[in-house]
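One chain comes next, on its own, written out as structure tokens in the form predicted on its own.
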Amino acid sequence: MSLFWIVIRQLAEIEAMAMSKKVITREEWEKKLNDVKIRKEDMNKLVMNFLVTEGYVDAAEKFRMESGTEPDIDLATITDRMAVKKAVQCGNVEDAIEKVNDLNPEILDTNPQLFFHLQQQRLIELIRNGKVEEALEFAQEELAPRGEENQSFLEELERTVALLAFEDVSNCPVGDLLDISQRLKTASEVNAAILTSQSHEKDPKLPSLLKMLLWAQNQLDEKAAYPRINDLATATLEDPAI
């Protein structure tokens, strides 16, 4: 059999499989969804988990009062954690390090990678502010010794110091280090470390559940046509194209 006819046959088989997909109507699908019983308490815990992890302390307190759902950590610690995160996001790294140590000195003592990234961010801020001599001195005294002990640290240090070689950082191959996204990345790493030290998940559960929903829909797409959620923001069921 020629390759042409093999391809034609395969295409015909695929088309037949597609046509043989089970079609689930909106009425049938909504009935299946209604048969799934989820306790309101579990939904409330999911919401509280998101508010606590993301640091919405005022919303978490209000939700606690309205729903009676107790958070699994002291809400007062959220304010301290958000102060650290905000300090990094604003470029005040020294202040952030002091605040972390006030919360729990073991966080940085037991996490050399996090401490290096905070020191790296300090170096970036010195370069951003045009303090070249101070930046070189800081890199040599604080970061170079750590680079000698860790190859990945050394590579990151070399990449950061390379910023000093360019007058126009907009055309610099490592210019992304000066983007706000770099601050946000470091702030998120600190936030996760503080949460871990408080025996709390470093990531909220809700986004993970949404990813699982998308994965499940993709798997089901191969077997059936059904009302699908395409817009997670509205969670509106859209009828299948038949």
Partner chain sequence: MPTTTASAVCTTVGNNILLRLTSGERDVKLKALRELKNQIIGNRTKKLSFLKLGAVPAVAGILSDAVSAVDVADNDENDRIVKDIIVQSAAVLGSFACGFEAGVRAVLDAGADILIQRGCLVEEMPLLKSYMEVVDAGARSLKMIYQSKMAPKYDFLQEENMEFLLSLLNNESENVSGLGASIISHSCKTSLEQKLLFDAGVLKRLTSLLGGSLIQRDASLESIATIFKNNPEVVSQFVGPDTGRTLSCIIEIVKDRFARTRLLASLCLIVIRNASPCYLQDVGIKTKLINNLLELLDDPGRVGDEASFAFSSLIAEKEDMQKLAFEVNGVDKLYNHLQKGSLHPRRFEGILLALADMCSKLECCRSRCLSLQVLKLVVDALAHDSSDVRSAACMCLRSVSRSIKFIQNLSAGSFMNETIVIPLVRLLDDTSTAVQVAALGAISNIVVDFTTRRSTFIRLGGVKLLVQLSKSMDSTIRLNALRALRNLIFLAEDKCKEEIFMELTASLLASLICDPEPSVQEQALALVRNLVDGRINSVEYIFAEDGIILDAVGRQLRIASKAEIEIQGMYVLGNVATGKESHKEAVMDQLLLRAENKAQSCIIKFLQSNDSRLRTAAVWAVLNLTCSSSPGSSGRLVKLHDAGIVSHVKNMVNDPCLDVKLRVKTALEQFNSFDDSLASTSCLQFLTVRAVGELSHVVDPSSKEEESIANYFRFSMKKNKKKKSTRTVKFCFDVPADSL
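Residue numbers count along the first chain shown, from 1. Not measured: the values here are computed from a predicted model.
Separately, the form predicted in complex with its partner chain exists; it is not shown, and the next lines address it.
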- Item | in the predicted complex, segment of 158 to 166, 78 to 86, 126 to 134, 107 to 115 with a heavy atom within 4.5 Å of its partner chain | 107 to 115
- Note on the structure: Note: exactly one of 61, 201, 54, 189 sits with a heavy atom within 4.5 Å of its partner chain in the predicted complex, namely 201
- Let me know the one among 34, 196, 181, 208 whose heavy atoms come within 4.5 Å of its partner chain in the predicted complex, would you? 196
- Honest question, do 142, 146 and 149 all end up within 4.5 Å of its partner chain in the predicted complex by heavy atom distance? yes
- Item | residue 171, heavy atom within 4.5 angstroms of its partner chain in the predicted complex | no
- Query: Counting only non-hydrogen atoms and a 4.5 angstroms cut-off, does residue 74 reach its partner chain in the predicted complex?
  - Reply: no
- Query: residue 154 near its partner chain in the predicted complex, any heavy atom under 4.5 Å?
  - Reply: no
